[in-house]
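As a starting point, one isolated chain is supplied in structure tokens, in the form predicted alone.
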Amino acid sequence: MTKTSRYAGIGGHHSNRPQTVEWLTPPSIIAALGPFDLDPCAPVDQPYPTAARTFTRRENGLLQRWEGRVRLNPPYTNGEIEKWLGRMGEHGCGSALIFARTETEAFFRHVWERASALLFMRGRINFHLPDGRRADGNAGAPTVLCAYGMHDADVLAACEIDGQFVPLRFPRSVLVAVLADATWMEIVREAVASAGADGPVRVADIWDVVRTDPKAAGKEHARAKVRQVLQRGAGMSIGRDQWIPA
């Protein structure tokens, strides 16, 4: 993505305006969510890998065939982001990183109505420059990761990126069961206490304990349930994917 000045909002990868700079997704985010099969909005100069296959503005990813799990960091300019998010919604497999402008028409049409889950990231991230260096200033706006497809929803739920997980497309029966069943709360609380006997623990560590419980074993989207129950009070967040007993 690009912007024209220090205080301008993040623009788009494909902008032809002068004095623009491409802003790259931090490699830590890619590593936490990957691997990906395709990045259709990759920068021309790629200081670190983003996916197994990439399209840059030279190939125009909108005109190409999308296959597999897609990583999308689209142009944020009006009129452009709608095209890319629309294509992502149709493809239905992958994760997009965008600003959390939740009131916009594009967000309602292509995220609220099409995505499977969201992870609103804590704080404002620092994008990277084309040479791979971390930008000095932050993004200037809050960021959200949008999962398309249940696999990516589970990835968001289990990842170690600090933020608030919001499921959107889980069956209502699943959500009601999780929220209403005190047993799930007890299971996760016990797992936090067990896994964190010597200090704070990550969601992945908590899951390693929960997965052995008969109530969780073999259950679809159980990882997402764990994060949701944690956020409802089964644990206390103390930082970047760090939980202690509530």
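Start at 1 and count along the sequence shown; that's the residue number. Fair warning: this is a prediction, and the values are worked out from it, not measured in the lab.
This next part talks about the form predicted in complex with a small molecule, which is not shown.
- Of the stretches 131-139, 70-78, 117-125, 144-152, only 70-78 has residues with a heavy atom within 4.5 Å of the small molecule in the predicted bound form.
- Though the partner is left out of this view, W84 does reach within 4.5 Å of the small molecule in the predicted bound form, counting heavy atoms only.
- Taking the partner from the other structure, the small molecule in the predicted bound form has no heavy atom within 4.5 Å of any heavy atom of S28.
- Contact check for S194: no non-hydrogen atom falls within 4.5 Å of the small molecule in the predicted bound form.
- In the predicted bound form, F36 stays away from the small molecule, with no heavy atom inside 4.5 Å.
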